[in-house]
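Single chain ahead, by itself, as structure tokens, in the form predicted alone.
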């Protein structure tokens, strides 16, 4: 299998299968797939990009424990006996970003679980908005802990995967996923807003959240590489947000803000 990687491509330009690939800290890329190189060469001449061979590796089950509050797993059948009593969230190793293995996802999970645990009494019906939801892991983790969640993504394949994971975990009554653009569509109210994206997109998103700041919402932002955080913090403070927490795992950071 081969893939042509592009910054963008008109939807009508090809009938070949494609997917938007999201890597935290970087803008999304479009990959177009083919078992043969010539069809990709034709597109490359028109739109640029680079062609590379995809090497499929056998995936192994993973288990991510977040304190005593949650276990994220790709295979519930292989969960060690000592972890079976934990609340469980199964996430398929599908095409959408977000299985719990990436540092940004782990940081977000830690932060959202702490927020929901602290606010469980004062906000028993917490509403969560997950922007760029990918596989739905963050929204579904919130739903597993009792919050009402809405996940947005501008990639239809990500929304399909998130809905599959909601069905898999029997959380469709608490979670809803829809294809939408966080920079264009009207943002619904939420007590907690999650955005595991990349720095320039987060900078464009912050000014759109003024009504949420006035309503007392909390922001958890990630997908931020070390060295990218200062412009975000300065912009957030200028817009009236107060930095509550800053966490780091490897090269990646997670920031939590509240209204000042």
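Residue numbers count along the first chain shown, from 1. This is a predicted model, so every value here is computed, not measured.
Keep in mind that the form predicted together with a small molecule is not shown, yet the notes after this line are about it.
- With a 4.5 Å cutoff on heavy atoms, residue 138 counts as touching the small molecule in the model of the complex.
- In the model of the complex, the small molecule stays beyond 4.5 Å of every heavy atom belonging to residue 250.
- Put simply, residue 182 is close to the small molecule in the model of the complex: some heavy atom of it is within 4.5 Å.
- The small molecule is not drawn, but in the model of the complex it has a heavy atom within 4.5 Å of residue 18.
- Just one of 160, 154, 172, 117 comes within 4.5 Å of the small molecule in the model of the complex, counting any heavy atom, and that one is 154.
- Stretch-level contact check against the small molecule in the model of the complex with heavy atoms at 4.5 Å: of 79-87, 163-171, 129-137, 142-150, the positive one is 129-137.
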